[in-house]
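Shown next as structure tokens: one chain only, the form predicted on its own.
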């Protein structure tokens, strides 16, 4: 009689394990999406409103389809977290990892701090990945970062069939009074190894404040409709990091107007200008070195002029110590590695923490 009992026990265990081991997918559109300047975007996972489709320059509009800085928040007690996602273009770049361009990045809130769990590594346009498994069935808060340099067409989150996935139960990062960043390919996240290492995402975790990433690779050219979009956000601080892209002439022509559009709607909100990074190859490439110097001289001249006119709550961040002095913080002399993004975040963090409003 013992043998049948053992067999029945094994069968019951096997059945229970198989049920637990099944993954059920839930549409991520049911959960909060952080990092958008407006909810009226072209698609849920793009960054620009449909109203700009016929207004913005083509490259800006296309880059706005990238999901840089966006993150899904949810709560679950599952032992496994998986994902299915489709990207827009299956983008490939020779200086950035596929995980950074079109992968996912999962973080968990532990003792009030966001802790890296694992990445969802892409295989192509349509992707399925088990991000983490074999966890204890405990209640946890999660944040899932979306691709930096590709669009997200659809996303589903997988959990154990017997587990639950719900709305977040803790309001972190705080969504009221987000920080808005405008800038270049570096701001968009080039070339972080994974989405969570873009500096806007790092700073969002450290400050526990929502950050909005309006980085447009090669195209932070002070387009005034983007200033209008920025001005619609009830932000705690605006960070203007356009100097890597804008020429001296473009800054002379548009920088004050771009600033004024924002300032007119937010007379007291801190606005931070940031110099062009001292790129590591400027010690060798004399032409680039001159361009960086000329652009930094111009943005500082604009800043001084605004101060002389009586503008308040404006600040300038020097790039002198932005990414260190060992020339090890970029992938190509320009775009930051994870080391570069960490150093940049460490420079920005005390400035932002001092000035953001509660």
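Numbering follows the first chain given and starts at 1. This is a predicted model, so every value here is computed, not measured.
Below: the form predicted in complex with another copy of the chain, not depicted.
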Report the stretch among 117-125, 170-178, 255-263, 151-159 that approaches another copy of the chain in the predicted complex to within 4.5 Å, counting heavy atoms only.
117-125
Picking from 163, 93, 251, 278, the single residue whose non-hydrogen atoms come within 4.5 angstroms of another copy of the chain in the predicted complex is 93
Of these, 50, 294, 328, 27, which has a heavy atom no more than 4.5 Å from another copy of the chain in the predicted complex?
328
Any chance residue 83 has a heavy atom within 4.5 Å of another copy of the chain in the predicted complex?
no
Check whether residue 332 has any heavy atom within 4.5 Å of a heavy atom of another copy of the chain in the predicted complex, and answer yes or no.
yes
Might residue 98 be said to contact another copy of the chain in the predicted complex, defining contact as any heavy atom within 4.5 Å?
yes
Might residue 110 be said to contact another copy of the chain in the predicted complex, defining contact as any heavy atom within 4.5 Å?
yes
Counting only non-hydrogen atoms and a 4.5 Å threshold, tell me whether 36, 199 and 320 all contact another copy of the chain in the predicted complex.
no
Listed by sequence position, which residues of 127-145 have a non-hydrogen atom within 4.5 angstroms of another copy of the chain in the predicted complex?
132, 133, 134, 135, 136, 140
